[in-house]
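Let's start with one chain on its own, the form predicted alone, as structure tokens.
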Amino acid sequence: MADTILVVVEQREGKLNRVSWETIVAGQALARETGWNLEAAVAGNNVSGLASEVAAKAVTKVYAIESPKLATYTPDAFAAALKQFIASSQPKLVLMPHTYQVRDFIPKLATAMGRTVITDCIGFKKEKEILLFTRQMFQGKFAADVTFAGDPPWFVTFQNGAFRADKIESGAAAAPIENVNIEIADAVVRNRPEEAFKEAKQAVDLTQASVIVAVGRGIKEQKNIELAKQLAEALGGEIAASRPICDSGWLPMDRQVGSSGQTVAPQLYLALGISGAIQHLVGMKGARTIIAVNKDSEAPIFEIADYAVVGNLFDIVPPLIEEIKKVKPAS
């Protein structure tokens, strides 16, 4: 009987996190490489609808892990529920998206099962019969291939943008769904969640943006950021920045992309006046298409850019905005 890969998808308030689809893509790639079965699970309360969404993809089975204690996220309840389920189903490999929620409970889950977890992976490879998972170290300066020394189940989380959600494969027919009712004792959950935190109006989740226009020190002055904002607006995207811009207070910190900011994987990333320090590249190199504009033809960002424009951004951006408006008039 073939071993099993289990992808635990993440849902919030009845919606699947986009990174969960990327993790299923990782699972599909691993299943092809290993010949193992690919299953998925979604935990919560009344999650049969979400399980049906996942069942439409190329997986062999989907589990709807249900409990009233899972209606609102707590690390105690999620770790307890998944421990019960994984102990009974015995998958060899458990994959999860590297989100804030997973980062909160997976150390507790792995420790409770006497296992370890390889976190924030950007890829994998198979050498003979050994699976190696690639993760960045020293703020992206090095990449290490890591494997497990202990017994399965093995736990792995994949970084946002490591795999492309649009590469997900649909199944020829809907996968079967099994409802799994979990009993969680009252004493297990030791904290009481308050109302979900709501960010200030200016805050933005850049991980969900399909188009990002990012500025670096080449923008020269704070007032010039307005030019980049106009370009972002014309493209229907979000404005972002490298760390020096946010450190200077020219844009709020929630707009920072990089190792100490957000990790993004938009369809289009347009970098204006960004040299390409490794700390910034770590946060955006998962973008599907990267266009970089910089006066320095030797700028490191050109090494990963799909399109490199050597020139003064103040000469290039204004006519670009006008051309975009011609083909994409304001609604």
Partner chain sequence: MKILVCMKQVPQKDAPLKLNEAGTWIREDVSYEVNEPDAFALEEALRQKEKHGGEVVAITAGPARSQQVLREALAKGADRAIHLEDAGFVGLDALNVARALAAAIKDEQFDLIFTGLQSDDQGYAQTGVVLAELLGWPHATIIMQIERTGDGIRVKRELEAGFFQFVDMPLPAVLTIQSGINKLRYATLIGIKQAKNKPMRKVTMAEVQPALGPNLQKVERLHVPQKTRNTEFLEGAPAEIAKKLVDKLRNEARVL
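What you see is a predicted model; the values in this text were computed from it and never measured. Numbering follows the first chain given and starts at 1. Under this definition, the rigid core comprises the largest set of C-alpha atoms superposing within 1.5 Å between the forms.
Below: the form predicted together with the partner chain, not depicted.
Next item on the list: Sort through 47-55, 24-32, 263-271, 61-69 and report the only stretch with a non-hydrogen atom within 4.5 Å of the partner chain in the model of the complex.
Entry: Of the options given, it is 263-271.
Item checked: Residue contact check: D145 to the partner chain in the model of the complex, 4.5 Å heavy atom -> Output for D145 is yes: heavy atoms within 4.5 Å of the partner chain.
Item checked: Contact test in the model of the complex: F85 vs the partner chain, heavy atoms, 4.5 Å -> Residue-level check for F85: no, no contact with the partner chain.
Note to self: Can you work out whether Q279 and the partner chain are in contact in the model of the complex, taking contact to mean some heavy atom pair no more than 4.5 Å apart?
What the structure shows: Heavy-atom contact with the partner chain at 4.5 Å: present for Q279.
Notebook entry, point to check: Applying a 4.5 Å heavy atom distance criterion, does R192 contact the partner chain in the model of the complex?
Noted result: Looking in the model of the complex, residue contacts with the partner chain include R192, since a heavy atom lies within 4.5 Å.
Note to self: Please tell me whether the candidate spot formed by A40, A172 and N224 is one where all three residues come within 4.5 Å of the partner chain in the model of the complex (heavy atoms).
What the structure shows: None of them does, since no heavy atom lies within 4.5 Å of the partner.
Margin query: Using a 4.5 Å heavy atom cut-off, which residue among T119, T207, Q230, S89 comes into contact with the partner chain in the model of the complex?
Written below: Exactly one residue meets the criterion: T119.
Check: Which residue among I184, I177, V211, V180 has a heavy atom within 4.5 angstroms of the partner chain in the model of the complex?
Finding: For this set of options, the contacting one is V211.
Checklist line | Residues within 4.5 Å of the partner chain in the model of the complex, restricted to 292-326 and counted by heavy atom | finding: Contacting residues: K295, D296, E298, F302, E303, I304, A305, D306, Y307, A308, V309, V310, D315, I316, P319, L320, E323, I324.
Next item on the list: Please check if G249 moves between the shown form and the other one, taking a CA shift of 2 Å or more relative to the superposed core as movement.
Entry: Yes, because once the rigid core is superposed, the C-alpha of G249 moves 2 Å or more between the shown form and the other one.
Note to self: Following rigid core alignment, is the displacement of the V317 C-alpha between the shown form and the other one equal to or greater than 2 angstroms?
What the structure shows: It does, since the V317 C-alpha is displaced 2 Å or more between the shown form and the other one after the core fit.
Notebook entry, point to check: When the two forms are laid on each other by their rigid core, does A40 show a Cα shift of 2 Å or more between the shown form and the other one?
Noted result: Moves: no, less than 2 Å.
Margin query: Distance change of 3 Å or more between the C-alpha atoms of E10 and L281 in the model of the complex: closer or farther compared with this structure?
Written below: Relative to the shown form, the pair is closer.
Check: in the model of the complex, do the Cα atoms of S260 and E10 sit closer or farther apart than here, given a shift of 3 Å or more?
Finding: Closer together, which means the C-alphas of S260 and E10 are at least 3 Å nearer in the model of the complex.
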